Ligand SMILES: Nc1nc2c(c(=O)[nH]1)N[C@H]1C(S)=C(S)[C@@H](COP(=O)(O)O)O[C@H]1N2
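Below, in structure tokens: the form predicted alone, a single chain.
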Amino acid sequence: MKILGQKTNRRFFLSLFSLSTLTSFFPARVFGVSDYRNDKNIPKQYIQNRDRPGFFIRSANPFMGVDVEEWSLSVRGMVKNPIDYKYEDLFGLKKKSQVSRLKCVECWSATAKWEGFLFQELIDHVRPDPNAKYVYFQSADSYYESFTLEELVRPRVLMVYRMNGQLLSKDHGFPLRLIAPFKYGYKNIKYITSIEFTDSRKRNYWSNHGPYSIDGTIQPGIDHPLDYKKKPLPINGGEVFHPFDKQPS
């Protein structure tokens, strides 16, 4: 897909990615920092679960990460205009940013500044059939999730390519992930490769392979935020805010 109103310099975007994410590809020992692998049997260069201070890393299936030159985002299904986006095409969509928490079913949460675009941008381009009420996501690590279309057009849901002022690292979902702050982390799919509009709900990874619900909406309870020394704090359910968070106006 061509970016509207500008000429795409693919080499520029690829070099930008390489410079901004270079350190994530070197072995951690080069910089004298622990790699925090939860499973020492998995090679260091693989994405896997790491209890890294400040923001834990979670991946259902360890893998090497995405090769940006081979990656594309396929948007298909019940749409009038199916589209394949290349990485640089994402930067031609109207940008939005927000600060919000990712809340995990393991109890922890961590906050970040996320930048990307609203799902409505994709809707406007592909023009879904009126009977397409669901959306099915697949990822590069064989993960998958489904949502109602209504959930994805909520104002705080973002398709994200930047985190805390940098391009997404491979650990946090490069090149594209979903942030839906009112959903538990397992619904916030990373490494997205395809999006399909459907008239019925398709599979959901952890409802198929584990004890979690299809819906994944955050319920009232207790949170242990990683950025607040894991002090137990009550939550009301939905998007998680704590007294020290700056809430959106």
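Predicted model, so just to flag it, every value in this text is computed and none were measured. One rule holds for the numbers: they count along the sequence shown, beginning at 1.
There is another form of this protein, the form predicted together with this ligand, and it is not shown here; the text below is about that form.
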### Message
Whether residue 182 contacts this ligand in the predicted complex should be assessed with a 4.5 Å heavy atom distance threshold; does it?
### Response
no
#### Entry: in the predicted complex, residue 143 touching this ligand (heavy atom, 4.5 Å)
yes
### Query
Can residue 189 be called a contact residue for this ligand in the predicted complex at 4.5 Å between heavy atoms?
yes
### Query
Taking heavy atoms only, is residue 157 within 4.5 angstroms of this ligand in the predicted complex?
no
### Task
Select, from the options 120-128, 169-177, 87-95, 71-79, the stretch whose residues sit within 4.5 angstroms of this ligand in the predicted complex by heavy atom distance.
169-177
### Message
At 4.5 Å, heavy atom to heavy atom, what parts of 86-106 sit next to this ligand in the predicted complex? List them in sequence order, or say none.
### Response
102, 104
